[in-house]
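For this one, two forms of the same chain are given in C-alpha cells, first as structure 1 and then as structure 2.
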Structure 1
C-alpha cells in the first residue's frame, strides 16, 4: 500500500469538505458548516494518529550473511513497539540484494501491543549469481485507522551479503592426494606418531599412555614396553589460481572468471568436506592468500575470498607456483588452475618436476580461454588450440600428472562431476 491510495480519499475530502464549508458559511446553513467542521476534525485526528503511529517503533534485521546460489534464505526481522499504543498494520520493506525483486514487502497486521517485540521471518531466494550484494535499507510504514495519512521511516540498516557459487562435488578429486586415516598408502610417515599404523615397540617412558602398554612384550622383557604408531599425515590441498588479466575472455556465465571461480569453489569445497587442510593462493588485483585450514568455516572463508577475486593480476601462474612451491608440504596435493591452455610447456614441465621431487602431487586444470567470446584479444585458431591441448595432455600423461581441460561448450557441473575428470584431458 503506497501513498497513492491514502492520498486519493484525503484530497477528495479536502476538496469536498472545503466546498461544503464554504457553502455552509455562505448560505448560513449550520448543518453544512458542521459537516465541514466534523470532517476536518476527522482529518486532524487521522493526521495525528498517523504521525504517532511510527513513533517508537523500531525494526532490526538478523540474517546469516552468506548463502549459496539458489538457496532459500530466512531473514529475521525484529519489530519492537516501545510506545504505549498497540501497533496495527505495520508494513515493512526490505531490500534483499541477491533476490530478483528490488524490494520485499511484508505486513505485520498486528496487534503488536505496547512494550512488546515480535520476531518476523520471511524467506527469499538468492536468485542472482555469486557475488557480494547489499541487504537493506529497511522501511517502516503505517497509516492512521482511516488510511488517510501515510507515515514512513527509513531504517539505514545496510549490510553486505555474500552469495557463493553453487558447489558440486568434484568426483575426480577423491582419487588424489592424501586420504583420511585407515588408508595405508601415502598417508603415514615412518616416524613415531599418533596414527593407527603400527610402527614397533619401545621401552615405557614416564608420561606414556598406560593404554598403549604392550603386555606381551612387557612380560617377555620384564620391564614395561609400549606400542608405537606412525605419524598420521594430514591431507593437505593447495589451490593455485591463475588471475592473470591476460586470460580474461567471455562474459557472464560463460567467462573464464566464472569458470575459474566456480571450479575453484568446487575443488575447495570438496577437499574441505573430505577433511583436507585447504589453502588458496592467487595474484589478482589484490593478493588472494587463504592460509591452510580445515572445516566448513574455513571453506566458507575460502569461498568468500574467491567471490571477491578479480582477473586483474599480472603474475603468471607458473611464477606463482615458483614462488610458493617450497612451502608446500610433502604428501600434499597442489592443483594448478590456469585460465589458459597456452602455458609455457617447458616451464610447466619444470614446475611439475620440482613439485613431484618434493613429494607434492600436482594436478593441472586448464581453462580453454579461446573457447570463450574474446574480449580484448583475438582467439587462437581452433587447430592451433587443439594442437596446444594435445601437447599439454601429452606432457601431463608423460609425467603422470592428473589433469583436465575445461571449455566453454562443456557443462561445467557435468564435467566436474565426471569420475574420470583427471584421467584423460580432452
Structure 2
C-alpha cells in the first residue's frame, strides 16, 4: 500500500471512528462510543509503535569505493535494532550516484526483534561515465504492524564513489617493453642504480642528485654523503600527460580530455597488469604526480588521480618532459601523451634525443585536437593538420621512436587494441 493510499485510509478511519463516537453519544449507545474510543486508542498505540521502532534503529552501508564503467556493484546495508522494541515494515532508501536510476529502496517486513541485525543487499550498475560521485544519504522509515503510520529519519551517511574509465588492453605496448635495467645474468648481483632497494652510503660526487643526500651520514662524516640504491631490475614505465588548457576541445565522449584520460587509464592499467613499475606525471589545475609503484592497487590509485585531472594547466608537455627527464632511470620507457599534434617539432626532437641519450625509450602519442569541436580557438584547416601529422611522423621515424596519432573520427577502443598501434604514425 502506497503512502497516499495509507493516508487516505487513515483519514477514513478517523472519520468513521469520529462519526461512530458522535452517533454513540447522541443516541446514548455505549457500545458505539466504546468502539470509537477503542479505535482511537488502537490508532494511538499504532502511532507510538511506528515512532518507537525508529528510535534506536541504525543502518550502515558496506560498499567497495570504486568500480569501472558498466560494472555491477553490490551494496550491503546492515540494519541493527538497538532498542527494546520490535520494528515493523522497515524501509531503507539509498542514493547511488553512479547509477542513472540512483534511488534504491529495500523493505524488511519484520518483525525485527530487539537486539537483532539484518543484512539487506541490492545490486546496481555504474551506468554513468567516469568521475567521482557520491553514495548516500540513507533514509530509514518504519511503520506499525498494520501499516497505518510511518516514521522517517535521515541518516547522513554520504561517501565518495569513484567510477573509473573502462580499460582495454593496449596491444602495442607489449612489444615496447619497459625494459629491465640489467641483463638477466646480473640479476643476483647487487649494483648501485636507481631502484627503491637500499644498497648503502657513499661520498658525494659531482652530478649526484641533491635529493639523495643522506643527512645523518653527512653529519657524522663532516662531508656530503649520498644514498645508493640497487639497479632497478623491474620494468619501469613513465606516463607524462599533457593537461595544458590550450589543448581543450570537444565535449563529452568526443573531447580531448576524454581521450587523454581514457588513453592514460588504458596505458597505465596495461603496464601495471604486466608487472611494470608505473609512475604518472602531469600539470593540470593541480599537480598530477603519482610516484613509482606496482600492482593493481597502485594502478587503481593512478586511475583515481586521472579521473580528477582537468585540462586547466599552463605547463606545456615539453616543459614537463624537460623538468622530469633527468630523473627517469636508464632502460625505462617514457610515454609522452600530448593533447595536440602541433608541438614544437624542434623542441620535441631535442627532448627525444635527450631521453634516448640517457637510455630511456620514448613513445609519443598525439591527440589530434583539431579533429574535435573547437572550444577556445578555431580548428586549423585539414590540409595544415595533415601536413603537421606528416611532419611529426617523419620526425618519429627518423629517430626510431614508436608513436601514434588519435583523432575524433576513430573508435578509441579499436584504435588502442591495434597490434600495430605504435608503428610509425600514419
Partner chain sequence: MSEATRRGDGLLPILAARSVALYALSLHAAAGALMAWTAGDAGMLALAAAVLALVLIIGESFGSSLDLGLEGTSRLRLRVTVAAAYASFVVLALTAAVGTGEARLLGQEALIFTVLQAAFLLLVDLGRTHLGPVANALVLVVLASLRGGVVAAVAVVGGLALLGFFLALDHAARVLQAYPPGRADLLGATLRRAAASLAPIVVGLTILFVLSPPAPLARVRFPAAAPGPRDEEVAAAYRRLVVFGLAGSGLIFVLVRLLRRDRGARSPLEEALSLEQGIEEALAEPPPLVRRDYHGRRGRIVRAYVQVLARARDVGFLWRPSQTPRDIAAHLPAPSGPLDALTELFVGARYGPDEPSEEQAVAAERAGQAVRAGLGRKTRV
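From a predicted model like this one, the values you see are computed outputs, not experimental measurements. Positions refer to the first chain, counted from 1. Rigid core: the largest C-alpha set superposing within 1.5 Å between the two forms.
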Pick one: which is the form predicted on its own? 2
With both forms fit on the core, is the shift of the CA atom of residue 104 between structures 1 and 2 2 Å or larger? no
Would you tell me if residue 340 moves between structures 1 and 2 by 2 Å or more at its C-alpha, with the rigid core held superposed? no
Quick check on residue 158: with the core superposed, does its CA move 2 angstroms or more between structures 1 and 2? no
What is the C-alpha shift for residue 29 between structures 1 and 2, rigid core superposed, to one decimal in Å? 3.2
